[in-house]
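Read the single chain below, which is given as structure tokens and is the form predicted alone.
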């Protein structure tokens, strides 16, 4: 076992595993390689780059003391560290690019406290299990990912930005959505640090680069009897306009508003007997008490309501949650049938403009199928396009991105495994200053930051001085 599975380290991994005792470890190469993957294969570019990146050993701590032991031993041996939750990230966040130790957090999974408007849980707690526990007490998470059945709460906070609920409750980074979190340092004496209020954004969405999240306290909202709704329209512009009307409505609550091109709907076989074929889809979650108002809105917008179902009805019908046809679950539904598909992440003009969406469609070409998510950002309703793209070459992909950009739709690169890519675009020097404080040797997921090599020799204060005024 002293041989390196990754081929990138020279440590004696058998001795390393003994040093971790009594923490459980996994050394079987097949299992280590399985835990070295996430959903990076959504991108053919990342798949080519990351598919042969593996760790050398997996540690499975059950307590914060176990985790501290893992981090202390890794610090002593200068071992690269990658933190893994449910492995549902799309950018290779959980892929060990330098080999080394994978720390899987899924056994640190206790729900610690449920109170008035909040829940506190360990980082490895499964999000669906958190929501189930909350529902029993009349609450639900304000925001959660479509991958809640697999994802952990720590992974969502480390790598996510929005989700189911964002159309009403904003982005994760917005004040009050993440109430507090604890993160552990990598040192000879690892310690937990508490981040509250605005300070949570020092750690949130840093991809586990600058501390190991151990505990999270999130905002909750009163649980409602949500009805999964699917309405279809003759044109995509109609569906989009209806989505905007629903997102703005004063008399209809909503947890989800998503619009999907009819061509994508053809890849939803489980909906074949439930929605009109060759029509454009709007998927929503609406509270039961607002269904009559929802029906009136769809009629006014020229649509047809194909499906409304309570949670009990959904289970009886044997259908997935409606949010499994939204966000990047939409991409997954297509990829189940055809691995030549990929996707983009694109911002749209604000306020949402159905005419601009309609005008853009023919410019994109037949290999781009639109799909929009509605969200609340800085107090305004906005949309993000997560289109299906039929991949042929990188050159064609970049041309599609250029078409979006030239027409006023900013592209957030979904095909890069750097934290400065995607939505951030630029370095977050707050993140990097805290990396220097919490991970002075740069062992945590360091290859995922383009800027870290340029600042790692600086003090935390000097790194913070680089923050644009």
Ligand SMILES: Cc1cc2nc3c(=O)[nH]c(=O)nc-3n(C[C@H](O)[C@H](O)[C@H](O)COP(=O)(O)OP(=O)(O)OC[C@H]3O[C@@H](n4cnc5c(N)ncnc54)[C@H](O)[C@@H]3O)c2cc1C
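Numbering follows the first chain given and starts at 1. All of these numbers come straight from a predicted model, not from anything done at the bench.
A second form of this protein, the form predicted together with this ligand, is not displayed here; the remarks below concern that form.
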Out of the stretches listed (388-396, 144-152, 110-118, 241-249), which one is close to this ligand in the predicted bound form, meaning heavy atoms within 4.5 Å?
144-152
I'd like to know if residue 213 sits close to this ligand in the predicted bound form, meaning any non-hydrogen atom pair within 4.5 angstroms.
yes
4.5 angstroms heavy atom contact with this ligand in the predicted bound form for residue 332:
yes
Is residue 88 close enough to this ligand in the predicted bound form to count, meaning some heavy atom within 4.5 Å?
yes
Tell me, yes or no, whether residue 101 is in contact with this ligand in the predicted bound form, where a contact means a heavy atom of each within 4.5 Å.
no
Is every one of 156, 328 and 445 in contact with this ligand in the predicted bound form, taking contact as a heavy atom within 4.5 Å?
yes
Counting any non-hydrogen atom inside 4.5 Å, which residue from 207, 236, 226, 369 sits next to this ligand in the predicted bound form?
207
Please identify the residue among 409, 429, 54, 42 with any heavy atom within 4.5 Å of this ligand in the predicted bound form.
42
Using the arrangement in the predicted bound form, list in sequence order the residues of 90-106 with any heavy atom within 4.5 angstroms of this ligand.
90, 93, 94, 105
